[in-house]
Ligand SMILES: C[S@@+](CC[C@H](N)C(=O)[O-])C[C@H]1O[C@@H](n2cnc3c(N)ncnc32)[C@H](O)[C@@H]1O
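Only one chain comes next, encoded as structure tokens, the form predicted on its own.
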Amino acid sequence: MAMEMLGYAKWWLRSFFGSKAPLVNTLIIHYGCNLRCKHCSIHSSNIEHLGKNKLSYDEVVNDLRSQFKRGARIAYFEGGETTLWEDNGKDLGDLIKAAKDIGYKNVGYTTNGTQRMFTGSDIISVSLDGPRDMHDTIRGDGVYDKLMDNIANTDFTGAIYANMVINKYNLDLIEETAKVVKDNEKLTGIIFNFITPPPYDIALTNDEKKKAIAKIRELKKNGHPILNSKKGLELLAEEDWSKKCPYYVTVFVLPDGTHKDGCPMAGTDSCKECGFAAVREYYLVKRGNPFTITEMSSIFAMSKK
């Protein structure tokens, strides 16, 4: 662990003195999914049916290598539903192994939890939109039970955390959702985000966001396993991050092969209504906030032991 922390410290020092080397490599490996969630920007924009919608195994590995050479040490696989990705007999497990073999210290992926759990990563992010009725309202009948069964039956030894996207559907269920996580011994905690539109019709007003943040801060203070840092929660109310976003901290590769040094939504209307908690945490890490670094590093930066 000491060597890993030393590596991150070196990245931070280089960043402080002007380096624009990435820390996180985010790979959106495909747009395919088995669900049609009501708040999904990919589904609402129909992007999964436009042009090239999947990276090949070789494309992913080449990107992992090139970004590692630039300085990235954390790799996250995103989708679509990541666990459905395959290419000529290769699956998500092969991508995770490739990232670890190259030298990435923390490798994770996001999943809706209805399919196979791949256990070679350091971290798994499972999407959770509320207790059973709300989760199924947003994602489909029976999805909640499939998710919970898979979590209960996995032999994964790393950290599994829940990722909740707050919108007009589930705004009033923040405490109930946090309790679901608190009562599940397999879940490390929950991180809260606001929906980044599209879709726009279920996005929150700024007043609604501020009330939600007050509730989340109260829950964190009272011992619920909230993974957003304290300062990160304060910044979550600030919507327009077009000028403050620490864009270079994370690089992206999209299913069509496009590479982005920074968020793919940069320069769009969505950027001005950013709900991604990670943007705030990256910003605080870049600025050297010691409390955020301490709160976030053990889960989101370290290899599992």
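Predicted model, so just to flag it, every value in this text is computed and none were measured. Sequential numbering from 1, following the sequence displayed.
Same protein, other form: the form predicted together with the ligand, not shown, and the subject of what follows.
Peer 1: Let me test this: is every residue among V24, R73 and F252 within 4.5 Å of the ligand in the model of the complex, going by heavy atom positions?
Peer 2: No: none of V24, R73 and F252 comes within 4.5 Å of the ligand in the model of the complex.
Peer 1: Using a 4.5 Å heavy atom cut-off, state whether E78 contacts the ligand in the model of the complex.
Peer 2: The answer is yes: E78 has a heavy atom within 4.5 Å of the ligand.
Peer 1: When the contact criterion is heavy atoms within 4.5 Å, does F194 count as touching the ligand in the model of the complex?
Peer 2: Within the cut-off, so yes.
Peer 1: Quick one: does C40 come within 4.5 Å of the ligand in the model of the complex, counting heavy atoms only?
Peer 2: C40: yes, in contact with the ligand in the model of the complex.
Peer 1: Is Y247 one of the residues lying within 4.5 Å of the ligand in the model of the complex, judged by heavy atom distances?
Peer 2: Y247: no contact with the ligand in the model of the complex.
Peer 1: Of the listed stretches (228-236, 169-177, 90-98, 107-115), which one has a non-hydrogen atom within 4.5 Å of the ligand in the model of the complex?
Peer 2: Only one stretch qualifies here: 107-115.
Peer 1: Please identify the residue among I123, V165, L204, I216 with any heavy atom within 4.5 Å of the ligand in the model of the complex.
Peer 2: Looking at I123, V165, L204, I216 one by one, just V165 meets the 4.5 Å heavy-atom criterion.
Peer 1: Among the candidate residues P198, G189, G158, G130, which is the single one with a non-hydrogen atom no more than 4.5 Å from the ligand in the model of the complex?
Peer 2: Contact with the ligand in the model of the complex is made by P198 alone.
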